[in-house]
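One chain follows as structure tokens, the form predicted on its own.
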């Protein structure tokens, strides 16, 4: 009887995925879009910050690195709570109108994954900096040329940081639930359901087939993005 419950759920999930259920497709596309925007924003801000932090030497640099490293493990539910307090109509950022919107989720996820991009970029820069700097100085390169060469050699790690950030964003639940609200208004145009919040909702409803189907899609997205990243790094950057 117990196994029948599991098998029925799996069979139902397979049928939903194979038939391309419109609701599943809509949720998957929204999840990729929301988390993709978050990853792009985090890259635009985080990569330059990481490069500067990796190449510079100044007082307090170690403290900044420690702060970003510590933020890597911040619970998403705590981040979601903090963002809710700030984005609520009565909060300091309530005037932005981001609460219970797709852009609100993207904003929250961007803040969550920003430390990943910065920390991984710094690590990538530091791993090649000394070797490349010494070689470039031997060849007579100036500081600007050295900096660009270090960034070029660190490109594979920087790309990996962005991929890791996207995977973290698309798989998180706390921010998407608290800031997005998992809202669906039929005919009203308001829809903030993403993969993680929908999985939680369908499990609570007992609709295991939908939950399993969405979970399968989520895992497929993460593996596909990672595989594409590995391929591109091997082809263009020479990353092994």
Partner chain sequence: MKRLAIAIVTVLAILVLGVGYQYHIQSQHRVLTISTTTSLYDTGLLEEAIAPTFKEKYGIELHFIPKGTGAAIQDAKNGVSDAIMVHARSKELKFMEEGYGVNRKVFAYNFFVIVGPRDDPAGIKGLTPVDALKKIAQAGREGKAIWVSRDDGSGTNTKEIALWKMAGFDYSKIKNESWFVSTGTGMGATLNYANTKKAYTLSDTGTYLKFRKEGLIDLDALVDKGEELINVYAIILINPEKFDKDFEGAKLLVNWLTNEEGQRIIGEFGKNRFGKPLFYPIVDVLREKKEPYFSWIAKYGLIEDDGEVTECPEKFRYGKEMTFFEFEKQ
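Predicted, not measured: the structure shown is a model, and the values here were computed from it. Residue numbers count along the first chain shown, from 1.
The same protein also has a form predicted in complex with its partner chain, omitted here; what follows describes it.
Undergrad: Which of 44, 70, 63, 29 has a heavy atom within 4.5 Å of its partner chain in the model of the complex?
TA: Answer to the contact question: 44.
Undergrad: In the model of the complex, which of the listed residues (183, 173, 55, 49) lies with a heavy atom within 4.5 Å of its partner chain?
TA: Looking at 183, 173, 55, 49 one by one, just 183 meets the 4.5 Å heavy-atom criterion.
Undergrad: So if I measure heavy atom distances to its partner chain in the model of the complex, which of the stretches 72-80, 163-171, 94-102, 119-127 falls within 4.5 Å?
TA: Looking at the other structure, the answer is 94-102.
Undergrad: Verify the contact flag for residue 107: yes if a non-hydrogen atom of it lies within 4.5 Å of a non-hydrogen atom of its partner chain in the model of the complex, no if not.
TA: Answer no; every heavy atom of residue 107 is more than 4.5 Å from its partner chain in the model of the complex.
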